[in-house]
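The chain below stands alone and is given in structure tokens; this is the form predicted alone.
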């Protein structure tokens, strides 16, 4: 037998030994002494192995004391204003504009008309934000739709953080206002620029 063949055989024997020992270790870990859920034990006073959570325990990320912020509702009704923890201003609208362009414009278009790129490619057209029924909808409606989805739109709760959903809702309101603003409500400098 040549030397190279001898080394290959030794390597194969070594690999086989490692695999067999690994399988044995896994089996021993599986068969180790342990209590199964809801099995009786003498270790705890109540005789159960399963321990209930400590009273008042909240799962990480699940503390949602502000219903207005996390559900878009106040006393069970859709919110008509932003939550107090979301300050309205230029920064909020800029953030909403940025997030809207990323998440919403592919379907709704950059102006909210419902003519985004996916519509141009043949998918179902969403309603325009400038329809009367959506102009009159509470701001909480937009937050709730982003959170839970509606019709063909799926939920964005796992993709867009809560604060960004409120920023997008505020920006949608700004888009709606931009198309239907009363001339009298415009600042004097803007009134002078319009014919």
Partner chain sequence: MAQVFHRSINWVAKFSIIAILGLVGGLFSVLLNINRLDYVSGVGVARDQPVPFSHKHHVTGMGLDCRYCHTSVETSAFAGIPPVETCMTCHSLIWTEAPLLEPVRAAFRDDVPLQWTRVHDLPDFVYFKHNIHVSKGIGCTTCHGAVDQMPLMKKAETLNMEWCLSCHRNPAQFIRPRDRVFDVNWTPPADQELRGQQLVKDYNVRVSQLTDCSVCHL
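Positions refer to the first chain, counted from 1. We call the rigid core whatever largest set of C-alpha positions still superposes within 1.5 Å between the two forms. What you see is a predicted model, and the numbers here were worked out from it, not measured in a lab.
If you look for the form predicted in complex with its partner chain, you will not find it shown, but the lines that follow are about it.
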For this session: Classify residue 70 as contacting or not contacting its partner chain in the model of the complex by the rule of any non-hydrogen atom within 4.5 angstroms, answering yes or no.
Result: no
Exercise. Is residue 76 close to its partner chain in the model of the complex, meaning a heavy atom pair under 4.5 Å apart or at it?
Worked result: no
Exercise. So in the model of the complex, does residue 99 come within 4.5 Å of its partner chain, heavy atom to heavy atom?
Worked result: yes
Problem set entry | Partner proximity in the model of the complex: residue 32 to its partner chain, non-hydrogen atom cutoff 4.5 Å | yes
Problem set entry | Selected contact from 162, 137, 48, 145, since only one has a non-hydrogen atom within 4.5 angstroms of its partner chain in the model of the complex | 48
Problem set entry | Option from 166 to 174, 36 to 44, 129 to 137, 52 to 60 whose residues, in the model of the complex, bring a heavy atom within 4.5 Å of its partner chain | 36 to 44
Problem set entry | Residues of stretch 104 to 121 in contact with its partner chain in the model of the complex (4.5 Å, non-hydrogen atom) | 106, 117, 118, 121
Exercise. Comparing between this form and the one not shown on the rigid core, is the C-alpha shift at residue 12 2 Å or larger?
Worked result: yes
Exercise. Aligning on the rigid core, do we see the C-alpha of residue 66 shift 2 angstroms or more between this form and the one not shown?
Worked result: no
